[in-house]
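Next up: just one chain, as structure tokens, the form predicted alone.
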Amino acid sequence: MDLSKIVTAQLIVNVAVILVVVHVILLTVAYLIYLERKISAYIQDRVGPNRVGFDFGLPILQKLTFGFGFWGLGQPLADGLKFLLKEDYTPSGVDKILFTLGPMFSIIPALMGFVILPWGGVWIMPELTLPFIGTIAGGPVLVAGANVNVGIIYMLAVASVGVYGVSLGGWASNNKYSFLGGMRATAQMISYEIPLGLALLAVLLMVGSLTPERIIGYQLEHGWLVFSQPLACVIFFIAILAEANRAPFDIAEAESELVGGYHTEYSAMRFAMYFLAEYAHMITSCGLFALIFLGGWDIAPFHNFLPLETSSVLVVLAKFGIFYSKVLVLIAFMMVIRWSLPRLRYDQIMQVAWQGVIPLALVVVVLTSVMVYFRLTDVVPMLIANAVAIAAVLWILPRLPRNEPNRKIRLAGSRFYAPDGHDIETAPTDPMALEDRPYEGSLPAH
């Protein structure tokens, strides 16, 4: 068998990208936890983790690390050791097999979605000779984990599977709070997959391709889609917040209502897998957002400074750095949102989806279809069309009938919401209470 026909240049690059990016994501996830603690501390006027270094307090390691880590940079490693050494407790009455499979079903899809992202663009690989295989022909290869024509569809399919781990863990825990958390996650996923797909459909109508590299190529020619599709951009970002169970959409764990939600009964590494899955899902979803709306590895919105195809490894690394920097900025923005906005109620989240985001996403799809039909897909016409759509929505919204389940009920004798025609006197009537100087005013006049 001639292995040189099976082991192609693209296959070698795919395997190398998967191995590298998986470890980069795992390392990033560890320090995203540190970053979130620091951001929350800054917003809440605290210091945050600043003591644990890479020496873990051991004299031998202190000499080797020269005390490095005074910013608390060893905190993620200490957290990882804590999860490894804690007791992996399994409550009585749980389905042990499904209880263990739940975290796995959650983290595996989170670590699979990134493979279609073209981190480094197209690299012209030189001819390569490997032992036992032979000579491998070089040529242009896509620096991604997988070069597939339906990359966006693959990403959506993998992302939608992640909720099974949450639902499975909530159901298998034999805990009513966990079960409610899993049910909430399922309902939220069903609700926000619709606007996510519609916002993506509006973009695909303009680009005309499901291939990630062609989406970047379109933005290199016409500018980033965040300017052409601002409404779809906002809808997509709201949807990925909800898909990742990030505040203000974190109703699946809702500590103030459900103790810890779907992971209430989990501890040690099984809990850590849920924790890691959330942050890995943030990386994948922000990578998809950067690909679709921020030009991927493109550094400027309306001008390309980097070649589409290059034989330089440094240019490929620069593209990867630009792409990953956009992902980290988006994640930091998600963290700021978490520590700035309060959690929405379950009914409010459903109302936002079905009465707000989904109708608006349908408007965006229809608007984009009309603009594509008349070939008015440049930045300025699309921006004007989006502005008109926003103005129309703001004009129609106050005129729609509203259902207010939490409206105030007028009560007779109420100081704050009395029935019409009832005059409620709340000021004091006793002369002593009306006197500015009650003691002196009560004395008899001489």
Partner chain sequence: MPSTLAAVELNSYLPIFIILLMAVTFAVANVAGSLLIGPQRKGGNKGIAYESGMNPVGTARKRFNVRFYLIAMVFLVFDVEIIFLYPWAATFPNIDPGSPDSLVWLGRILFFLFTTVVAYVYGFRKGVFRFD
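Just so it is clear, the model here is predicted, and its values are computed rather than measured. Numbering follows the first chain given and starts at 1.
Omitted here: the form predicted together with the partner chain. The next part is about that form.
Heavy atoms within 4.5 Å of the partner chain in the predicted bound form map, among the stretches 310-318, 348-356, 224-232, 325-333, onto 348-356 alone. Using a 4.5 Å heavy atom cutoff, none of A41, Y274 and M282 lies near the partner chain in the predicted bound form. The shortest heavy atom separation between N174 and the partner chain in the predicted bound form is within 4.5 Å. Within this chain, N304 is remote from the site of the partner chain in the predicted bound form, having no heavy atom within 4.5 Å.
Contact annotation for R338: none of its heavy atoms lies within 4.5 Å of the partner chain in the predicted bound form. Using a 4.5 angstroms threshold between heavy atoms, P91 counts as touching the partner chain in the predicted bound form.
Residue-level contacts in the predicted bound form: of L344, L204, A254, M125, one residue has a heavy atom within 4.5 Å of the partner chain, and it is L204. Checked against the partner chain in the predicted bound form, the candidates L210, L220, L241, L77 yield a single residue with a heavy atom inside 4.5 Å, and that residue is L210. Residues of 111-133 that come within 4.5 Å of the partner chain in the predicted bound form, judged by any heavy atom, are L111, M112, F114, V115, V122 in sequence order.
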